[in-house]
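Single chain ahead, by itself, as structure tokens, in the form predicted on its own.
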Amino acid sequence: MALSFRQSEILGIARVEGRVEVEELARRFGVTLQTIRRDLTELADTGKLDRVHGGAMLRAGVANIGYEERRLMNADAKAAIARTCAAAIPENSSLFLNIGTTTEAVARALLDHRNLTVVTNNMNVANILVANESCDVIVAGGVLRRSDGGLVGDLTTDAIGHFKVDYAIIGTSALDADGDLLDFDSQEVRVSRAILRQSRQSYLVADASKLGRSAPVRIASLCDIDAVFTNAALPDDLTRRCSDWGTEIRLPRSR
């Protein structure tokens, strides 16, 4: 099916933001809700989007979205999350940063911090933090994944085991209604689990588009995380679970 100009625009917005809302699209394009619903249904029928209540989101599956595409998605939200997370990291501390576009944003937000030791399996994070002369950067070696600059595999997992740091800052590809952190690559997941084991406190950084997405491999639960940094309130049921688990939910402050 050939896409209309409006449908192509809608798909472009979904690729940047991860999710689109019927009412917002209707206002944006000056058409009826029924017209937008029809567009979303047609895009879903062709496999480009998944319909969800009130809108649609990029199709979930067993493979992740391309890394450059993910880097553009919700860039402003990721930057706000990163600033909030970085504010919670004191100077003179040690931390892990794993693979992900949001952890890269955290690395940028840490450029003015002093006396940090950062262990990472993310070549992009390492290259960002080179600009901070007060930061010691340790790269956990392993097999380089060219698609995103990540280092994975048994060598990486073993390298992580040699450290015990103050903070783990990790990302995730999906966060389901049960509070499980999910990802696509089992090797990457093993590294993330090792990072959580070797940290005194653990922080998740994830924008709201991760809610409702699906991925096949479980990293951990929010009950294993000390705080989640996101840009929108979690669903009520999940918020109550986090309260029971002692997992803080931290949202960016208005600038």
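From 1 onward, residues are counted along the sequence shown. If you superpose the two forms and keep the largest set of C-alpha atoms that fall within 1.5 Å, you have the rigid core. Owing to the predicted nature of the structure, the values given are computational and were not obtained by experimental measurement.
Below, we refer to the form predicted in complex with the DNA, which is not included among the displayed structures.
- Looking at 225 to 233, 48 to 56, 183 to 191, 202 to 210, the stretch with residues near the DNA in the predicted complex, meaning non-hydrogen atoms within 4.5 angstroms, turns out to be 48 to 56.
- Note on contacts: among 38, 218, 197, 28, the single residue with a heavy atom within 4.5 Å of the DNA in the predicted complex is 38.
- The closest non-hydrogen atom of residue 250 lies beyond 4.5 Å of the DNA in the predicted complex.
- The closest non-hydrogen atom of residue 22 lies within 4.5 Å of the DNA in the predicted complex.
- Once both forms are overlaid on the rigid core, the distance between the two CA positions of residue 37 between the shown form and the other one is 2 angstroms or more.
- Residue 51 shows a C-alpha shift of 2 Å or greater between the shown form and the other one [criterion: core-superposed Cα displacement of 2 Å].
- Panel note: the distance between the CA atoms of residue 148 and residue 44 is smaller in the predicted complex than in this form, the difference being 3 Å or more.
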